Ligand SMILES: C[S@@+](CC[C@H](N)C(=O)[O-])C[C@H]1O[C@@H](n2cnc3c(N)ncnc32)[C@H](O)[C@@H]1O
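In structure tokens, one chain follows: the form predicted alone.
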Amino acid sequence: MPKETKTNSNQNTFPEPSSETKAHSDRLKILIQEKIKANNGKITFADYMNLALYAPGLGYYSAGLKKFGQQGDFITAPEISPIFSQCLALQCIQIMQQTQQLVLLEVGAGSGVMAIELILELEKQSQLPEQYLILELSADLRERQHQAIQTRIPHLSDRFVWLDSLPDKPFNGIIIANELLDAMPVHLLKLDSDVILERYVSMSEAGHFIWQDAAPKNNRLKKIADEIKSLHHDQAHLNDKPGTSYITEVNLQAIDWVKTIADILGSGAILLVDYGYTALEYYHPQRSMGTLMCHYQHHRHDDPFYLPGLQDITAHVNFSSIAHAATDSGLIVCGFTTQAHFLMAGGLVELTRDLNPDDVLHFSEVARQIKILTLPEEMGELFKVILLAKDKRLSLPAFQFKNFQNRL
């Protein structure tokens, strides 16, 4: 979840795209329209979201648009402050010491800043890994990562290897990912007391994308819908507003991804950082419109059909489903906590101990960064960190202050 400058649903106030970028979006729109026509007039929202984000050469993440930082659509924690990546590095050292695995794999490395700051801290601590692997499917982002590493840390560039797919099993090492799961396509469900519907994407006569609700074809969705209803068995309806239905998301791809990682991991750990909730919070009756959100040039809104290919589309992570998929696949859930607790217990105090308060500008800037990373109204509570392990249970300082895994 980015640190947003504005929340706005009035698209008339959004920055106008250039004619070139508008034409880019129109090409993607035509591709999606063709997919809808080829599939009897509708596709699942997961298919729509996948095309909007990952269609080769046209999707938001597969095209050469600037996404990260002040000039992009959102800012991630590693770009807010190097302290985030430094704390992550200190926990990676603990994992390396407990597992004797000295290879790191970052999945979806974004701008590359986390990889750079993390390995710099590992170098400072004399704990460099044998390799730092990066799995990045976007050719544009891969090139930006490579350039950033060559520019900032050329002396460590030989440690980095880019992958086109997950490594063959068994992979022994540490897998890390920041804001990966939230970008995976989700299915949308529309529920009431006795009907389960999936929200599909169709077209109006004018060619505009519209919602079409129909029975889900995927049996996994039907099963999960029943589980969602059973979470709040004391409620007669998921939504207590008369005449309205309950809309929410299910991320089947994230569940499958965890199972795939569990299958290839021989020995080691997985550290995932993302924004989201436990199942009870995620599917709370009051969260009747789900968590789907779009980000366009630092504006947040809820219209996934706006300028496809030019905006990010995300949904919060159901960490309970991640934990259950992990345990079902033979992984051990070793910790689950908020980003604030993870950082405070994981080295933030030690990393900032030598700051000079007389250097007012630098001291104030670091204080500002820490507030964004840790305050409840910023990123501190919404973002969570989960630790999964294979082969042996791990114990990290970052989870010893507050470990909420019993809530999963």
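Everything numeric here is computed off the predicted structure, so don't read it as measured data. Residue indices: 1-based, along the sequence shown.
As for the form predicted together with the ligand, it is not shown, yet the points below apply to it.
Peer 1: Partner absent here, but in the model of the complex, which of 317 to 325, 107 to 115, 149 to 157, 259 to 267 has residues with a heavy atom within 4.5 Å of the ligand?
Peer 2: One stretch meets the cut-off, namely 107 to 115.
Peer 1: Work out which of Glu249, Glu179, Glu198, Glu121 lies within 4.5 Å of the ligand in the model of the complex, going by heavy atoms.
Peer 2: Comparing distances to the ligand in the model of the complex, the residue within 4.5 Å is Glu179.
Peer 1: Looking at Pro308, Pro78, Gly276, Gly173, which has any heavy atom no more than 4.5 Å from the ligand in the model of the complex?
Peer 2: The option sitting close enough to the partner is Pro78.
Peer 1: With a 4.5 Å heavy atom cut-off, would you call Gln127 a contact of the ligand in the model of the complex?
Peer 2: Result no; Gln127 lies far from the ligand in the model of the complex.
Peer 1: Examine Ser138 and determine whether its closest non-hydrogen atom to the ligand in the model of the complex is within 4.5 angstroms.
Peer 2: Ser138: contacts the ligand in the model of the complex.
Peer 1: Would Gln253 count as a contact of the ligand in the model of the complex, using a 4.5 angstroms cut-off between non-hydrogen atoms?
Peer 2: Yes, contact at 4.5 Å.
Peer 1: At the 4.5 Å heavy atom threshold, is Met96 in contact with the ligand in the model of the complex?
Peer 2: Contact with the ligand, no.
Peer 1: What residues in 276 to 290 sit within 4.5 Å of the ligand in the model of the complex, counting heavy atoms only?
Peer 2: Read in sequence order, no residue approaches the ligand (within 4.5 Å, in the model of the complex).
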